[in-house]
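Next comes just one chain, in structure tokens: the form predicted on its own.
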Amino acid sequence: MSGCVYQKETPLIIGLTGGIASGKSTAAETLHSWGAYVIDADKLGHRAYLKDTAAFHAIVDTFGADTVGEDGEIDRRILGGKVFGQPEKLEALTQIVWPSIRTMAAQEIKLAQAQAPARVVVLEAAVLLEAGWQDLVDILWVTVIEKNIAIKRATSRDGVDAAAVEARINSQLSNAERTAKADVVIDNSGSLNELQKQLQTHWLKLEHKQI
């Protein structure tokens, strides 16, 4: 499929989000293969923790010097132990990390726009809605999947306990909450081929400015 060129004053920016095992990353990879510039917020999140970043220093100040490992970087295991099961501390951590990720995402969007003004940009972010990043994008695509299928796929993919996966799903936004804010809903409860057909349909609509 040819790359998508969207005729507008600025490049089209798609916000792509979804729950665990909903096919979000597969969708992003597919869109990338069709010409989109994909920004992975998870990768930006890892960068946010790196030594000597603003988030690094804020984490140390907030959660203690013992969060720094022998390599001088944040020890995610120790940090996780400090926030696990403690909503207030988890909120404090997200208030440090999410703004940092947002800043990096905005910078990368500008870079993508400068490099290829007509290229579609995709911001893939699991917490896009929770973090309130909708203003960074033009339209919102949401991948959804039936809960039982998500549990089955996540346990098979990650080798984790089904109960742990279900607990994570229950702690996130529901499909209904996400789709209520979506411009495009991609149902990934079926096969990979079915997922790609849905993506192709909406991608072609972008090419014809039918969003």
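Every value quoted in this text rests on a predicted model; they were computed, and no experiment measured them. We number the residues from 1 along the sequence you see.
As for the form predicted in complex with adenosine-5'-diphosphate (ADP), it is not shown, yet the points below apply to it.
Practice problem: Kindly indicate whether 87, 94 and 173 are, all three, within 4.5 angstroms of adenosine-5'-diphosphate (ADP) in the predicted bound form, using heavy atoms. | Solution: Not a single listed residue reaches adenosine-5'-diphosphate (ADP) in the predicted bound form, so no.
Exercise. Tell me the stretch among 66-74, 178-186, 151-159, 45-53 that has any heavy atom within 4.5 angstroms of adenosine-5'-diphosphate (ADP) in the predicted bound form.
Key: Comparing against adenosine-5'-diphosphate (ADP) in the predicted bound form, the contact stretch is 151-159.
Quiz item: So in the predicted bound form, does residue 14 come within 4.5 Å of adenosine-5'-diphosphate (ADP), heavy atom to heavy atom?
Solution: No, residue 14 is distant from the partner.
Practice problem: Please check if residue 26 has a heavy atom lying within 4.5 Å of any heavy atom of adenosine-5'-diphosphate (ADP) in the predicted bound form. | Solution: It does: once adenosine-5'-diphosphate (ADP) is placed as it appears in the predicted bound form, residue 26 has a heavy atom within 4.5 Å of it.
Quiz item: Any of the heavy atoms of residue 201 lying within 4.5 Å of adenosine-5'-diphosphate (ADP) in the predicted bound form?
Solution: No.
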